[in-house]
Ligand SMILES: Nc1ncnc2c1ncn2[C@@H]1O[C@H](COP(=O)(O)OP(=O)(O)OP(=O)(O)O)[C@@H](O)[C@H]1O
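Single chain ahead, written as structure tokens, the form predicted on its own.
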Amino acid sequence: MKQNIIIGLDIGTSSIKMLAATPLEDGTGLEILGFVEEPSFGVRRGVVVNLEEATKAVVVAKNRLESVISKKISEAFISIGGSHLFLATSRGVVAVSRADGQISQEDVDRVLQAAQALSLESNKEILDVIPKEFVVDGVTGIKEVVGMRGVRLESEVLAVCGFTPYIKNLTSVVLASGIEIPNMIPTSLAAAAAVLTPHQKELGVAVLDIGAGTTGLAVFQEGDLLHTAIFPIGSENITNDIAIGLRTEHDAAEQIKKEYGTCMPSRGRKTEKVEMEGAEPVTFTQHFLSHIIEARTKEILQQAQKEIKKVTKHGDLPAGVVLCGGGAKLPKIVDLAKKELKLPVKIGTPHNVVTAQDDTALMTVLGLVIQGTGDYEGGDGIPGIGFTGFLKKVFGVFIP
């Protein structure tokens, strides 16, 4: 039997991650075949700003992964980030087409298409619609309508929208690297696919994906996506704060953050001295360092809390908040998050993935291949962006 290899490509602010996986024959999950990570260039706060530099970086990652798995890569499921992404609610209404009133998949497609009749600025695009519920002859709260009978079919959807120039930049980079795109998935939704269980999404849960340049939030209740947001702030801001506070170079600040950083001040005032080749030694107290990190991490958490309270009653999420992304590696971040969010908090770990590293920075790229499995097999997954239709709108090309 031919091995079905699925590729995930996460183009982030600080690094590009590519991962290859294949579904297990018994259908219980995925096996990781290879993973590479390369420095990212031409990307700022989750969006591509220099096409040439970003393309070169993606090609390097692609070539490395092809060497690891000994196969050519022709397509990949990719993440899309940046604070330009936003959600809008919309409704669509159609008459059931069949004479006997039985609702078909064609009726569902038509009502979802009707829901895309949103008025947006000329430089904004509707990328896809995610159904929240269907209404049949006034009866609300229906999730599956195919096979039901009725006269009038309505849909309430969340429309995933974004800034067209940024999306064109991202797609141009990937296509120029010789990679086709079957699907694009917002970073926070990809991470959610890797770390959340159906039970958590039913109870009510949020994923907070702390990347280098941005932080993504996705909130789920009753099994459905309720809200998503991306903030233009991430762990790179913490590094910059350390560089300013300790009056040192960026690379030294990053090393200090990784080796000595913690999100909550310690009681002691132990003094550390860090020496780096080619740079002046840096002397600081752990207490002062943790204050710098705590302040910026609090800002991220407070942004998330505001968004959660917008869409839930008093911020109630019984399954709490799941942290992932490189920023979730900071020591004591769970303790600080519990204090600030006043919710249960845990570090996200992947589900149903064999030989996966428990690295919070890999959850987005893992989620891409998990979503890719659902797309290929017609299974359920986190809704992604219907990229074929999107290419027709943005690039005006013919795709069969």
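As the structure is a prediction and not an experimental result, all values here were calculated from the model. In case it trips you up, residue 1 is the first one in the sequence shown, and so on.
This next part talks about the form predicted together with the named molecule, which is not shown.
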**Prompt:** Tell me, which of Lys124, Lys329, Lys132, Arg110 has a heavy atom within 4.5 angstroms of the named molecule in the model of the complex?
**Reply:** Lys329
**Prompt:** Taking Glu236, Lys258 and Ala361 as the candidate spot, are all three within 4.5 angstroms of the named molecule in the model of the complex by heavy atoms?
**Reply:** yes
**Message:** For the interface check, one of 176-184, 160-168, 203-211, 147-155 should have non-hydrogen atoms within 4.5 Å of the named molecule in the model of the complex; which one?
**Reply:** 203-211
**Message:** When the contact criterion is heavy atoms within 4.5 Å, does Glu307 count as touching the named molecule in the model of the complex?
**Reply:** no
**Message:** Is Ser14 near the named molecule? Define near as a heavy atom within 4.5 Å, in the model of the complex.
**Reply:** yes
**Message:** Since only the chain is shown here, I'm wondering whether Pro350 would be in contact with the named molecule in the model of the complex (any heavy atom pair within 4.5 Å).
**Reply:** no
**Prompt:** Going by a heavy atom distance of 4.5 Å, is Glu75 a contact of the named molecule in the model of the complex?
**Reply:** no
